Every structure is written in C-alpha cells, then in structure tokens.
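One chain comes next, on its own, written as structure tokens: the form predicted on its own.
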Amino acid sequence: MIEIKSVSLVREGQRVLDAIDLSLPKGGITALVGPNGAGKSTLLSLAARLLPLQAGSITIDGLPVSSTPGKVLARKLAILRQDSGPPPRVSVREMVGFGRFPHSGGRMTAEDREMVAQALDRFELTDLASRSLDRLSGGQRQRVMVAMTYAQGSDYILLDEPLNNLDMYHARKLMIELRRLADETGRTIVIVLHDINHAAASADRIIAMKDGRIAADGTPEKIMRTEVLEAIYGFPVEVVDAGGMRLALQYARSGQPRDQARPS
C-alpha cells in the first residue's frame, strides 16, 4: 500500500500541493487526472523520491520513501517520468535491460535476460530489439521506456503521461496491456492521464486533482458525471453511455466546445 499523509509542497512561493491524504491499496489501476498544473506529476515525483518531501510523509508497504535505501526502493517502485529522454545510441534491448539494474547491478543473469525478453514481447518490441533508439519514432521510444519500467519487476509502477506520442492504436494497446498486467500479476499501477476516457475505460479508481488538492475520488462510474467533470475542468462536459462505458464528449459535432454551442 502507498500511504500519503498531509503532503504539501511550495515551489517559488506557489503552493503546488496542499495537504494531500491518499491511501492506494495494492493491485489495480489508479488514474490521476485533472487540469494542467493540478499537481499530478509532482505527487508522483514525491512518491518516487525524485523530489524531496517538504511536509507530510509517504510510505510504500510501510517503508518511508524519504529514508529507505535507493536499492530497496527501486525493487519496490518504478517510475516513468515525462522527461525520461533515453540516450539515442543505445539499442532497444539494452534500454529495456536498464530496468534490471536494481537486481543485476549491471551483470545480467539468465533471469534478467528472460525478464527483458518478456518485456519486449509484451510491448511489441521484439522485432525492434536490435535497433538503436535514434532510429525509432517518438511513439516507439515511449513504448521502450514503458517496457523498461515493467522490466524492473517492482510491485508498484508509476507512469506519468505514458500515452504521450502514441497514436490511437498504440495508446489503446498500452492501456489494454496495463489492465492485463494489473489483473494477471497483481501489480499496482498509478498513471497520470490527460484523456479522461482512457481513465474511465481502464482504471479501477480515478483521482482528480485541481489546484494542488483532491477534487474528486472514486470509481469511473462516480467520476464520469457531468457535474463532477465540470467541477474539475471548469466547463460542462456531456457524459454518455456507450459500449458499456461512460464516456465524456468534449466537443459539439460542429467543432465548437460544448460550453459555447447553442441549441438549434
């Protein structure tokens, strides 16, 4: 379980997070959504100790993030940041293999190589394994970084906007794969998403942030309501039932945003 208690953060005189309290049980997918600047990525970075805690505490399975040795924490938790720029001359297989460093210390065992092979296969990268990263598209590189995070073998996976640069097919495929990963292995996935419909389709729980606070927290059925989404995003969002899911319609058919469209 990830326990976040009274976490606040001030940067350059601006309050970025304001007394955040969250409990994230093991297993399943939790999506963090909300407007730009809501504090989603900052919260993930604090949980992964990429930023120092200023106030409050974060523990992972009872281990304090602020004081747990890095090697121990790396076996518990893996994070993919937005700005994780891979070195261009490294091969896909080598990059995915970096995820095994907390286990191998740079000396790959047969078990490590098998885990890398699983990651390449799971994220449809086997045919690209020998290719250098500078010969990949942005979307392909993004999949490599997600595969590296998976290969780390940690119980908790934190993904900060992993759908960046992915086309519709690969964004959908990645979310399906993450859902399967959570269901089959029991891993806990916390993912920052801008597309509320991806969150509604794949997550067990949606936590919406706004202005550094928790604005809403619940199942997709609870969050995917016009009044809730309007409180989060600041404009009326029509929600419809389609294909057994509740989906948000952000635009009128004319192309006008729905808060500007007039009834005919």
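Worth saying up front: this structure is predicted, and the values here are computed from it rather than measured. Throughout, we count residues from 1 along the sequence that is shown.
Another form exists, predicted in complex with a small molecule; not displayed. Remarks below refer to it.
- Remark: of stretches 230-238, 217-225, 38-46, 199-207, the one touching the small molecule in the model of the complex is 38-46 (heavy atom within 4.5 Å).
- Of the candidates E161, D112, E94, E177, E161 is the one whose heavy atoms come within 4.5 Å of the small molecule in the model of the complex; the others do not.
- Q82 is the sole member of S132, Q82, T185, T126 with a non-hydrogen atom within 4.5 Å of the small molecule in the model of the complex.
- Although the partner is absent here, K173 sits far enough away that none of its heavy atoms falls within 4.5 Å of the small molecule in the model of the complex.
- Shown alone here, L22 lies farther than 4.5 Å from the small molecule in the model of the complex, counting heavy atoms only.
- Contact check for V16: a non-hydrogen atom falls within 4.5 Å of the small molecule in the model of the complex.
- In the model of the complex, none of the heavy atoms of K71 sits within 4.5 Å of a heavy atom of the small molecule.
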